[in-house]
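First comes one chain, alone, set out as structure tokens in the form predicted on its own.
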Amino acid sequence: MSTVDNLNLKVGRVMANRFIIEEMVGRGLEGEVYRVVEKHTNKVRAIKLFYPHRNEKQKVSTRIAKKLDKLSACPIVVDYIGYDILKFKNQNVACLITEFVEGEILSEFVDKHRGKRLAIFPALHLLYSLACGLESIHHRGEYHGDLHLDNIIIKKFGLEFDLKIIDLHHWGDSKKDNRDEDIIKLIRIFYEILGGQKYYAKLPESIKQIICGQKRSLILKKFRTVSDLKKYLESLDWSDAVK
């Protein structure tokens, strides 16, 4: 039996007599994500269809569904709606249904700014918002597993950022190690939105003290938990960044 690894569902197709395909919004190793509309309610949803050969016995999809359900009280996590098994080319394809988040991917948001970087004030606020969101996940014994600029969605921003993170992962190794990795990736995101290597040398010392030269051992020594990072930011003196 051939594997299903390229669904390319057409706009207007009806799935499970319930969802109308509007557009594909993403594709990765695990499967494809579509924006859909529920026939009977006109509610916009997101569905992720998992390639069967990447989801043996639906292990990956069910773990992610359970993880989203467990984290339903975390505002930064997309709302879990449901789960189903559909038939494509005589194979079972898992379908994960979540809210569809209207907003802008962080990488695109940053690219619109001068120099394709954020100023220090909004960058600090973004880091703090992400730290608060991750704290709620970590307090429930979970982790994201693959944070980067393209799986963070900005819904709106002002004095605070309204964020959602997508593409939660489940890895087989230690949850503590993965929570540590979330912290490392969070600092990496902060470094990147400030302009990365091109601008690092010119950053104020207070900001460099957060990034720690991107050295894993130094970051995890200073921020043993994401709560440590959050508290550090709350008491940060960044007057050297004000010009």
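Bear in mind the structure is a predicted one, so any value in this text is a computation, not a measurement. Start at 1 and count along the sequence shown; that's the residue number.
Not on display, but discussed next: the form predicted in complex with a small molecule.
Of the listed positions (I153, I81, I76, L71), a single one reaches within 4.5 angstroms of the small molecule by any non-hydrogen atom in the predicted bound form, namely I153.
Note on contacts: among I120, V93, I166, C132, the single residue with a heavy atom within 4.5 Å of the small molecule in the predicted bound form is I166. With respect to the small molecule in the predicted bound form, the three residues V25, A46 and V101 uniformly fall within 4.5 angstroms at the level of their nearest heavy atom. When contacts are judged by a 4.5 Å heavy atom cut-off, L124 does not count as touching the small molecule in the predicted bound form. When contacts are judged by a 4.5 Å heavy atom cut-off, E30 counts as touching the small molecule in the predicted bound form. Note that among 124-132, 83-91, 144-152, 111-119, the stretch whose heavy atoms approach the small molecule to within 4.5 Å in the predicted bound form is 144-152.
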